[in-house]
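Form predicted on its own, single chain, as structure tokens, below.
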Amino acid sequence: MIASRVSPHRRLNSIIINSFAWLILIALALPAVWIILTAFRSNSEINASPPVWIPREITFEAFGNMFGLNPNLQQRVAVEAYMFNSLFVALSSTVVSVAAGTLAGYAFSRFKFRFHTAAFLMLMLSRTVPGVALSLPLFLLFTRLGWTNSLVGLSFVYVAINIPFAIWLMDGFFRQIPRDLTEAAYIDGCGYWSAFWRVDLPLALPGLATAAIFAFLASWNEFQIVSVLARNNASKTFPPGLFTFTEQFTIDWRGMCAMSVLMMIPAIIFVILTQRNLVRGLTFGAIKG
């Protein structure tokens, strides 16, 4: 048996592509790495010239100041409220939007009904409206309803924003599942709900995980709408809270970086825990059996 050999030309192309990919990855990760390192620096290294890349001394003073562990600190940001609000809004809106989007995506992919295509297109077109255009109408509506500074009201807004994307993604996933499997479940005595729960949904879990990741991060990182609807510290999430921090402590770069690190933690945890499902979800239509 003759062992297969990789041609020098193909090997050179692989080296060039990998090197280029690593350069892009390093360039994209460099700002985040710099923020993380700055959060653990001492004050003497913040504005040092030339800049100090690797901290000579690791300190958690910025995090202690942020959580009020320094008795000499006169003023600090309400980071606990920001964290709770962000988690509540992001998690609740993710659960509701993914659940509703999954059911609606299954209905669009498996059943034909009146105005099927028109309803789907209208849902997709609603996602094209930018957040800036929604801010003023939502503010007027929330003011009339008395929902300003309401976490539940803010969660409803993000549910409405994330549902079209979840429907589109789950509709594509369910279309990749052969109808023969669903029809076989009907023949075996399953109803619509049983076939969905026992056959289709387990096969579409990568899509559900992908939709959940995007919905969570979209709610977690959104700034424009929450900055209009949340007017006090008790209802603000991390993005407007960080902006408030920059207004109050314009020279505390280390504190801003420490708060940014707290914002990164959920995204990092989500990517680590769901990396396999995320890759499968993003490439669901690339290979067909």
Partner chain sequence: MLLPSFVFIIIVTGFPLLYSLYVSFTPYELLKPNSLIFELPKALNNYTRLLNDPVFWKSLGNTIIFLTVTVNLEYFLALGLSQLLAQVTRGQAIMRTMLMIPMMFAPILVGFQFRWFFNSNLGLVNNALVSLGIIGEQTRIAWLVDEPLGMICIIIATIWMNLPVMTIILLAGTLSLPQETYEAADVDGASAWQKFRFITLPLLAPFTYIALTIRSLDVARAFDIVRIMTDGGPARRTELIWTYAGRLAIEDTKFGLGSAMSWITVIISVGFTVYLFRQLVKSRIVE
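Owing to the predicted nature of the structure, the values given are computational and were not obtained by experimental measurement. Superpose the two forms; the largest set of C-alphas matching within 1.5 Å is the rigid core. Positions refer to the first chain, counted from 1.
This next part talks about the form predicted in complex with its partner chain, which is not shown.
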item: The unique member of 90, 195, 79, 157 whose heavy atoms fall within 4.5 Å of its partner chain in the predicted bound form; value: 157
item: 190, 151, 138, 201 - the one with a heavy atom within 4.5 Å of its partner chain in the predicted bound form; value: 138
item: Residue 70, heavy atom within 4.5 angstroms of its partner chain in the predicted bound form; value: no
item: Close approach of residue 181 to its partner chain in the predicted bound form, 4.5 Å, heavy atom; value: no
item: Interface membership of residue 66, its partner chain in the predicted bound form, 4.5 Å heavy atom rule; value: no
item: Contact flag, residue 31 vs its partner chain in the predicted bound form, heavy atom cut 4.5 Å; value: yes
item: Members of 13-30 lying within 4.5 angstroms of its partner chain, judged by heavy atom, in the predicted bound form; value: 14, 17, 18, 20, 21, 22, 24, 25, 26, 28, 29
item: After fitting the core, residue 232 CA displacement of 2 Å or more between the shown form and the other one; value: no
item: C-alpha of residue 223 off by 2 Å or more between the shown form and the other one on rigid core; value: no
item: Is_shifted residue 52 between the shown form and the other one (CA, 2 Å cut-off, rigid core); value: yes
